[in-house]
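Let's start with one chain on its own, the form predicted on its own, as structure tokens.
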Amino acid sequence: MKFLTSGKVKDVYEVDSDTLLFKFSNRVSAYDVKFNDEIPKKGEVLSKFAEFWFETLDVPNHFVETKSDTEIIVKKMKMLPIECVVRGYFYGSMVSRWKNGEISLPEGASTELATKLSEPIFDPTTKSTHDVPVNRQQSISQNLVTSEEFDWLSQKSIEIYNKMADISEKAGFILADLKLEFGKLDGKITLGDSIGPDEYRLWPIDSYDVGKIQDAYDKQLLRDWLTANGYQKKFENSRSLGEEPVAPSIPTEIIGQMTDRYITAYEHITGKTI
């Protein structure tokens, strides 16, 4: 088996001419900064969540089989150079982008933090070290996808979001937003990469409170800690000076909370145990 690449969270190996092995780690990143600290059990949760969603969603995907607690086998395919983001709530980067006039909201939408949008919106980005939001016209003019592909991705991504949101709601969670990736397999657009807490925001319904920062059962917990302690600003300042941001140590209590919440979300949504 040949090692191909190491990403923020998973390592990728070539099994044969048709398949790859994804090995999920306990690594964590936030604001495009990799941390030295690890989150115990995270890799196992990501791997098992990927298996669950690929098997649950009625969408063609590249999942083949589970290899171990932290490994899955997938089919090789040519990935599309666009990240398909669906937003169901007014939260995260969407807030500042709306204030700067960079994104429009559905008609009649409230601009109170964490409000549910009247309908989910498709808000894709480029794939790069620092993802850049792109609209339909930009996606087509930059040759990321064709007009037909953009429209298909928009419709299918929202369908997947709605399905996942329904499943999450039954388990006591709100799916605030979601990032999906697609590729081409035998000429057909196919769902790929992985789907788990690094690809969405998940909030417990019991503590949901419009107008406030929400409890995060995903890596948003780390982002919120970084922002509250001024590290997000430090990262931005470093990049503006052409320097690579330096990751701080993650407090033990944040690491413990993240592990507990990853496991809790998985067990409640899937009905399985870790």
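Just count from 1 along the sequence shown to find any residue number. Since the model is a prediction, treat every value here as computed from it, not as a measurement. We call the rigid core the largest set of C-alpha positions that still match within 1.5 Å between the two forms.
Omitted from view is the form predicted together with a small molecule, to which the following refers.
*Asks:* Hey, in the model of the complex, is residue 124 touching the small molecule, heavy atoms inside 4.5 Å?
*Replies:* No - in the model of the complex, heavy atoms of residue 124 and the small molecule never come within 4.5 Å of each other.
*Asks:* Is residue 74 close enough to touch the small molecule in the model of the complex, meaning at least one heavy atom pair within 4.5 Å?
*Replies:* Result yes; residue 74 sits at the interface with the small molecule in the model of the complex.
*Asks:* Using 4.5 Å between non-hydrogen atoms, is residue 254 touching the small molecule in the model of the complex?
*Replies:* Result no; residue 254 lies far from the small molecule in the model of the complex.
*Asks:* Classify residue 79 as contacting or not contacting the small molecule in the model of the complex by the rule of any non-hydrogen atom within 4.5 angstroms, answering yes or no.
*Replies:* Result yes; residue 79 sits at the interface with the small molecule in the model of the complex.
*Asks:* If you check in the model of the complex, do 223, 226 and 245 all have a non-hydrogen atom within 4.5 Å of the small molecule?
*Replies:* Not one of the three qualifies.
*Asks:* Since exactly one of 41, 48, 219, 62 fits, which has a heavy atom within 4.5 Å of the small molecule in the model of the complex?
*Replies:* Selected residue: 62.
*Asks:* If you check 9, 263, 250, 21 against the small molecule in the model of the complex, which one has a heavy atom within 4.5 Å?
*Replies:* Of the candidates 9, 263, 250, 21, 9 is the one lying within 4.5 Å of the small molecule in the model of the complex.
*Asks:* Note yes or no: does the Cα of residue 32 move by 2 Å or more between the shown form and the other one after the core is superposed?
*Replies:* Yes, shifts by 2 Å or more.
*Asks:* Once everything's superposed on the core, is residue 219 shifted 2 Å or more at the Cα between the shown form and the other one?
*Replies:* Passes the 2 Å threshold, so yes.
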